[in-house]
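Below: one protein chain in two forms, given as structure tokens, structure 1 then structure 2.
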Structure 1
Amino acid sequence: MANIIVLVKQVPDTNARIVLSGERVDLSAVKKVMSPYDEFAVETALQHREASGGEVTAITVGAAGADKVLKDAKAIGVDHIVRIDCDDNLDSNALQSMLASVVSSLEADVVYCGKSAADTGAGSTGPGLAERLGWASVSNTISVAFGDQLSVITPSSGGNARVNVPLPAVISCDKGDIKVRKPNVKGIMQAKRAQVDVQSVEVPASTISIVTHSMPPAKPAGKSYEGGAAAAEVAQLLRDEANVI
């Protein structure tokens, strides 16, 4: 019976328009959603439970507003939902230290997470957590088979590699051929009534501080060409400026 943990993160909707206010990103009016790669992690965790038995606990870090992402995970089938209460801006080291503390206390066998978060794209949470726990770790997995150890498929040079991973382990999930299940009415109603287990953990000092936010430079206006006479110039631009040929 496996004790399975899945990490989820609340991020701005990937279709949202990001604006700045006072040299800081203003997310006050932006819809928040579960980070897309975390959806694949939740699905993989549920498949693990179905194959091996046990329970799945979803964990997030944040203030009370982050409960929504936990309720979303509950609606599609996780057993328990835990929020590490923290409203600070954390760097990767501080975040991973807090997660390691809670994962250790829950005596988990395996942790699943998305390969990267949609807001930062760092991809460091899974490997960093594994380092702190002293566990095995594989990133960018696109398929997982369950047993006394995990057999995962992950991209490799020239194709895909199948890797046998001893437990305990941290697995960072990519899309692959995973089809994420949708919540049904029963799951949605259970999620609304579900109680979030709020835990307080000592917040390590962050070693990085954000000085300012700025938007990327505007893209230059596009160029259009017509007729065969422009073919040579287009080819030159594709080679010298766009670096695509």
Structure 2
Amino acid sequence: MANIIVLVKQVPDTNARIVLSGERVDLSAVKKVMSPYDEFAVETALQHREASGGEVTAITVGAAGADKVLKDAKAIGVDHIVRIDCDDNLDSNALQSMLASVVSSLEADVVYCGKSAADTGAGSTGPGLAERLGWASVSNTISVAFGDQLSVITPSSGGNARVNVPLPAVISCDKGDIKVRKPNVKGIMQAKRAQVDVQSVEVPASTISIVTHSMPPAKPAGKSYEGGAAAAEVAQLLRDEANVI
């Protein structure tokens, strides 16, 4: 029986256009979804439950609007849903401290999360949380097999490595070759009725402050050519002008 946790974050749909209002991004008109890699974390957590028995708790850190991502996880099949209430823009230290305190209180065996969130792109939460808990961690896993230990596959220089991971551990999931299941009607009905367990924990002060958001610098218009023969000239420019080959 395993006590399994999966972290899910609500992020703007990856198709969404990001706009600024003044010097901050304005997400008010943007559709929000579960961060893509978290879908693989949820699937892996459910497969772990099927292999060893136990229960899966999905946790998100966010404001009330983030309940939606928990309901989505519930519809796919997690047992419990927990939101750590918070409104602020957290730095990694604050976010991980909050998660660490709730994960320890739940006495979990394993935490699955996404390899990086679609908004931050950081990939900090899994390894950072593991360090705070004193647990093992592996990031960017593309396959997980369950037993007394986990056996995971992760990229390594020149190929992949199969790595044994003692529990407790935090695993940050890349896409890999698993198919994520979709919610069924029963799951969706259960999710509608499900209660979110809202917890509040102390937030350490942030030491990282956002100064400004901006649009990516516009790329100067490139050179364009018609017809495949231009490939010869481009190859020459890559050497003489760009200096990259």
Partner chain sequence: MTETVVIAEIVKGAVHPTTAELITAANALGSQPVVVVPCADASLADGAAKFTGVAGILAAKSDVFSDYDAAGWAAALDAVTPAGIIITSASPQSKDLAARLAARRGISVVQDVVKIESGNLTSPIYSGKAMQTVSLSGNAVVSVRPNVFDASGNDGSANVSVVDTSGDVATAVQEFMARASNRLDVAEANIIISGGRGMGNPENFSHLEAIADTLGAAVGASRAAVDTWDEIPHSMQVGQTGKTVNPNLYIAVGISGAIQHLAGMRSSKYIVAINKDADAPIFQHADYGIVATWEEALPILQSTLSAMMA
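What we label the rigid core is the largest C-alpha set whose atoms superpose within 1.5 Å from one form to the other. Structure 1 provides the reference sequence; residues are numbered from 1 along it. Please read these numbers as outputs of a predicted model, since none were measured by experiment. Residues that one form lacks are left out of the comparison.
- Comparing the two isolated copies of the chain, the first one is the form predicted alone.
- Residue displacement note: P216 has its CA displaced by under 2 Å between structure 1 and structure 2 (rigid core superposed).
- When two forms of a protein are overlaid on their rigid core, residues whose CA moves 2 Å or more are considered shifted, and A230 is one of them between structure 1 and structure 2.
- With both forms fitted on their core, the C-alpha atom of D240 sits 5.5 Å from where it sits in the other form; this compares the forms between structure 1 and structure 2.
- For residues common to both forms, superposing the rigid core between structure 1 and structure 2 reveals consecutive runs of 3 or more with all Cα shifts of 2 angstroms or more at 219 to 224, 226 to 232, 236 to 245.
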